Each structure stands twice: as structure tokens, then as C-alpha cells.
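The chain that follows stands alone, in the form predicted on its own, written as C-alpha cells.
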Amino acid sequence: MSDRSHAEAYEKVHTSIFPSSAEAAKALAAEIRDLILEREKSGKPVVLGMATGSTPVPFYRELIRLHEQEKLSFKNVITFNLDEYYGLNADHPESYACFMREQLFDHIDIPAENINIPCGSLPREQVFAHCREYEEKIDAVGGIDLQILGIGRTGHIGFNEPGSSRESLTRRITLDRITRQDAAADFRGEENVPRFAITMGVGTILRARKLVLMAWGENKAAITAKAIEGPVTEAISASFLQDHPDARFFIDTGAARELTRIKLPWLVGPVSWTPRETRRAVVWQSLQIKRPVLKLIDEDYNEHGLSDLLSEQGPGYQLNIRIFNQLQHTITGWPGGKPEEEDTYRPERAKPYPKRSLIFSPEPQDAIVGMGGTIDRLIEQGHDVWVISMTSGSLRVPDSEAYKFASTLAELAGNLSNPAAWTTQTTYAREALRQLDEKGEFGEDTPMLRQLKGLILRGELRDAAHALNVLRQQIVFLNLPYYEHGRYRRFKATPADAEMLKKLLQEKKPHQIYATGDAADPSSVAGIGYKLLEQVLSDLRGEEWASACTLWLYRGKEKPFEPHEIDMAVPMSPLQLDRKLRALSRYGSLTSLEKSTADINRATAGHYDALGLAEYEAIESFQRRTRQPQ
């Protein structure tokens, strides 16, 4: 057995792990290019199955690059899309027909008659016949050569939600609650997300000669591992790929985090026992057998595949003490460093004091969700704290909030003793209400409405920050252009975005930076914001302040850090957690994940307690990105 096959012993379908989504997309696009060129020689078409959502965006951009820069022609390509929302016409901005035009078809030379997408606007009584015709059309062109897939948080491929059978064909389906939650931002509120979709069935997908499923970011890691390593089950339709003769997963390092060869490498082969890997193994073992670190014995190591670690770094009690001390040293009530104190074993250095701390929030709620308690602690300890809202967040505000604001303004103006004094305000309110009514439930926001929604979130962030004692003048709204001129799943960063960040950093010269998005989908707001910040910090690394600045990563909507990944754990008392929750209550619309932040913070504290450390009400956790190589 080769080293590779042994490392992948738990994987039931071929899986390639790439450093980034861009590199995975490039590899897949090159494969498509070769197939197109090969078929051109024989005069035969290539039939591709296409996916939608944020996952295939890097892949489609690479196909466009191949067309524009390498003159790859798509005239002999026929495409069939996986799915479409039911109830949306092809011109709706959130329809997948519109998505495919914007992301790919309008930029390549594929003939319009070669494009096939399910119709979401048919009367219900015509849907069954339409789905049957879609199946027949696929068969008529000889079947799909290569089907591109993504994976949803429920494990679905296409819109084949849990319960979809292996034999299912193209049909109308009811969308799962989690799927609708994930699409809520696109539709400015979960209540606006269509409840139904038309999708290729699992059986339709499995008839393709080749299948490639792509997944990016840590939020997809758990379900991706279940699809690759778990049993084949109708509860996770992606697991059916295990039974296909030519199915592959193309995933980035974030989405690979839960695979056995990445998460528990000692179970599949030799391990280089770095300090980080050693801590991971000991922590995993402790939580696995529900025994505190200091109570682990040599037999535990041997029974859990860690005999090599024990022979290299044992005996067990010495290893236990070392890891326990490392974990203990991550805990601090002084996230900005404790002034005038020895800092050898503290996560953050003592000097300088006070520090200028920049808290980057991709959208206006992210910083409060991810580290509201730490913001409160930094301010309480005298640091110069700035909250930087990178975008306006206007796209996440539902119409109902804008309607409420405009209605209140109009009513207030009408109740004044001298209404003429508020003519401008009245005109603004009435125009906003008119535009809301005119665009309807699924229409595109006008610039005026986007501005209004951005102002609503500005007020909410100021109110939330005030609850944590952040001064109004210490809040910066960058309104990065990529967001203001884009939409979810269509964002693309520009040099102007980087320049705005660079100017801010050079002006503030921070000692600490807190950021999130390193583990997010690369095309998400958080993912784009983090990449921009990383790029700018790299460009500025030669400046004196930048070389001394520490970068702390926090988690917003992404999967929280596991105990072995944490470099700084900031405990919160019940009172401090309550203050954070009061700050979050200032927001009019939070996702279910954002609302569960207290449970996540309590779970982190529970892990520390289980490992044998002090028991706290809740903990916010951070990872230091600038630590030395290990």
C-alpha cells in the first residue's frame, strides 16, 4: 500500500486537497480545457453539468480567463444546470439563470441554444412535464460528460435535501430550513427565500460519466468529511458519490480540516510531532476519553494510536504537564497585555501600554458577535480601541426594517406642529416607501434604498458599540467599494479597496489587529475582507509599526477554534457575557448562527473545563497569525 493510499484509508472517494480555492479552480478548469480541445478534434460536443452558488465562482472566473487570454472557445460546449429556485423568472437578480449569465455565459462564446437551465416560473401543473423533458434532453445529447457540484450545509448536491433517494430524478423539491437560512443574505431575509426549487435528482447526477464536487472554507469541513468518510445515506445526498466509478472531491485546506488524515493524522501514518501537532493529539485524546489532561496515563496514549508520541516525548506525566501548562498560558484576562508584568508566558506582550487596537468587522455585526466581550475588556483596561466596519452591510437588511424606518420618519413629520419645516425629510420618507413598494418582494434595491439600509446598520453598530463603551468617534465605516457596487456571490475586490485599507492602517499604525474571515468561503464578505487585509499587511510589512503589530484572528460566522488551535482565551464572567448579549440585541436582524454566539462561547469554556483547567462562564478565543514557525 502506498503512502498516499494509507493516508487516505478513511476516505471512500478520491479527494484532492489544494492550498486555495483558486488553485483548485485552476486545476479543474485546465481539465475542462483539455476535454474541450480533445472533442474539437473529433467534432463532438462536450456536455457539462453546471453548479451555482458561491462555490463555483473561482472556477467560472478561471474559465473566463482561459477564454479571454488563451482564446479557448466554448462553441462546442452544451451545459445543463443543476437547479433553479421555483417562483423566480429568469430575469430575477437572484435566479440561477441570472447568476450563470453574470458569472459565466455573458463572458464566453457559448451559443445560447446550448444553455439549459430549469425554468422556475412555470405553473405548477406544468412542472412535472418540464422535469421529464429536462431528463430527456440530457439523454438526447448523450448524457453529461462532467458534472460540477458544490455541497450545502445539509450535505445536499443540487437541491437534493436530506431524504432524497439514490434513484431520484429532476423534480420540484421543498427547501430545507438550513438551506433557506444560508440563502437569507441573498434575498435580504429568510422570509424572502423561495420555499421550493427545481433540481436534478441524485439519480440524474450519478448518470454523469465524471463528477467533481468542490468545497471551500471551514464551514463546509464537517459535512464534507461526512460525505467522504461516512456511510452512504439519504441523509447526505453527497455521500452517494462514494458509489460512482469516477467521482472526485476538490477541496481547499479549510474544507479538509475534518478529514481523518488532517484532523487525526496519527491514525493513518507517521507524524512530525511539532508543538502544535502534539497539543492537538493530547487535547483530542483528553476530550475523546473525557479525562482531564493531567489524568492521562501511558495506556491511554497506546490505546489511541499515540504510542509514537509517547516514545518520542514521554513519559506521559511529563507530556501531560507540558501541554497543560501550554493550555493554561493561553488564558488571560488582559487581551492587550498586562502592563508592568512579566509577559514571557502571556499571549500578548505587556508593552507598549496602552495599545492601539483595530477591530476589523467585515459586516457591522461581526466584531460584536465574535469578540464583543474582548472589546469591552480592552476598553475597560484603557486601550485605544477602534471598531472598523469594512462594509455597510446594507445587503443583509430586510425590506421590513427599511419600511419601518421610512414609515416612522413620515409619521413623525406629519405629527409636527409645523410640517413644512420637515419637507425634505417627508419627501425622502415617501420616496423610500414608494421605491420599496415598486421593487416588490424580490426586486433589486435602488442606490437610495441601499444607502438607507446602510444607515440603519450604522445606527445599530453605534448602539451596540455604545453598550460596550466604544466611543462614537472610535467607529470607522469604510464602505469598501467592492461591496457597495456588488451583491452576494458576485463580489470582486478591487485595488481601490486595498488602497482604502492601506491608508487607514498607515494613519492608525496599530499595535494590535483583530480580524476574521481566514477560514471563510473566499468569495464571502468575510473571506474577501480578510484577503484584502492580508494583502495590505504584506505590502506594509517593511514599515516599523507593521513589523511590531500582532494579528489576532477571531471567529464570526465560521466554525469556532478548537482548544488546540487557541493562542489566547479571554474568559467572560456571567455579567460580561450579559453585556455582550445586550450589545447584540441592538441589531434588528441576526442569523441563527450569530444568535447562538453565547452557546459557542460557553462551549469553548466547557472544553477548557473538561481539559482540567479553570471553569469559566464563557470564553472568546483567538489565534495569533504572526507566531513563529513551529
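Throughout, we count residues from 1 along the sequence that is shown. As the structure is a prediction and not an experimental result, all values here were calculated from the model.
Unshown form predicted together with a small molecule; subsequent notes refer to it.
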| remark: None of 58, 571, 563, 53 but one has a heavy atom within 4.5 Å of the small molecule in the predicted bound form; the exception is 53
| field | Selected contact from 150, 201, 510, 454, since only one has a non-hydrogen atom within 4.5 angstroms of the small molecule in the predicted bound form | value | 150
| request: Please run the contact check for residue 158 against the small molecule in the predicted bound form: heavy atoms, 4.5 angstroms, yes or no? | output: yes
| Do residue 489 and the small molecule share at least one heavy atom pair within 4.5 Å in the predicted bound form? | yes
| message | When the contact criterion is heavy atoms within 4.5 Å, does residue 96 count as touching the small molecule in the predicted bound form? | response | yes
| Can residue 83 be called a contact residue for the small molecule in the predicted bound form at 4.5 Å between heavy atoms? | yes
| task | Report the stretch among 64 to 72, 45 to 53, 596 to 604, 575 to 583 that approaches the small molecule in the predicted bound form to within 4.5 Å, counting heavy atoms only. | result | 45 to 53
